[in-house]
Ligand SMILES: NC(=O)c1ccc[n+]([C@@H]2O[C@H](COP(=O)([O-])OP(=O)(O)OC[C@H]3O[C@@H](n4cnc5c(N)ncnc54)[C@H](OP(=O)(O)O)[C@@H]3O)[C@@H](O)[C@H]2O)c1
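The chain that follows stands alone, in the form predicted alone, written as structure tokens.
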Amino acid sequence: MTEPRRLLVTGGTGFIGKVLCRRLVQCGYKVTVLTRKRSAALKALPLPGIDFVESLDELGVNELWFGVVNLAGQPLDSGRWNRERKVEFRDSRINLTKTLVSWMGELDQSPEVFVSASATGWYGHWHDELLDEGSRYNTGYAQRLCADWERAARDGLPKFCRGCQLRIGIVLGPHGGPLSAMLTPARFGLGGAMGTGVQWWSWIQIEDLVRLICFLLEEDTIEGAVNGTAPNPERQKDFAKILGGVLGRPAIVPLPGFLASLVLGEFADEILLKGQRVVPARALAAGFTFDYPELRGALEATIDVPR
């Protein structure tokens, strides 16, 4: 019997990671999760077929790994941005990514593939311009953070390890993530436009995202930057209207831009009130198909709405 292929996953107990790890096990991979606290990870992912380690030193240099999936990173919406939190953003992304790349280089045989998270913030802000993986960028805090994150995932990568940097948009899932924060105000009709509402939100349903990660693990023709977004981004005001329609609630009460900036600070200015119109050109060209290419279908599949 052929041994299952082994994967190391960081961020495996997070919002995306828990869904991904369950799918990887279902697909027959042997999954090891790198975590800060094994006892907490066991409770978060009580699944057979998953091992947990608290340090890369627990793994021998002669062990064979098919791939590494790097999802670790302090969420950007974890609180108001300040100097200390920005240090956490960088350390949890860039320093860990560099550590992983260094570890892969020390193995007797390097993994075949390294899928490392990034974000659509890499592009900066371009108003209505349609952005694919070949587009330019405009600099800003989020762009510099993503650029350094991707550079850490590329520089020093072992010669025969294929690297993919997955630029993830707004992830829609039922148990956490940004949608959870949107639902309560939207159910009370308070989910109207943020600021002008004309900014683009590039989104992806979580099941499509984990399917895309699995696709990148296996599709050896793809490397480099890959957009992790659905094919049809929406303006924020239209996103709010569609969400209200799915919930059966009007989306009429706006959130003025100045108030969002006052309450949320730089996070609102960088992420919520501006955006990117991003499309997954490379994934589509490689033959990946989305189960949820349209926002309404994605929301209906994600939200538990009484019928």
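A residue's number is simply how far along the shown sequence it sits, counting from 1. In this text, all values refer to a predicted model and were calculated from it rather than measured experimentally.
Just so you know, the form predicted together with this ligand exists too; it's not on screen, but the next bit is about it.
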Exercise. Assess the spot marked by I16, L71 and Q74: is this ligand within 4.5 Å of a heavy atom from every one of these residues in the predicted bound form?
Key: yes
Can you work out whether Q165 and this ligand are in contact in the predicted bound form, taking contact to mean some heavy atom pair no more than 4.5 Å apart? no
> With the partner left out of view, is W149 within 4.5 angstroms of this ligand in the predicted bound form by any non-hydrogen atom?
Replying inline: yes
task: Look up in the predicted bound form whether P231 has a non-hydrogen atom within 4.5 angstroms of this ligand, and give yes or no.
output: no
In the predicted bound form, does P178 have a heavy atom within 4.5 Å of this ligand?
-> yes
The stretch from 125 to 133, 185 to 193, 153 to 161, 112 to 120 that lies within 4.5 Å of this ligand in the predicted bound form, judged by heavy atoms, is 112 to 120
Checked M104, I170, L216, V226 for heavy atoms within 4.5 Å of this ligand in the predicted bound form; positive is I170
Contact check, 220 to 243 vs this ligand in the predicted bound form, heavy atom within 4.5 Å, ordered by sequence, gives none
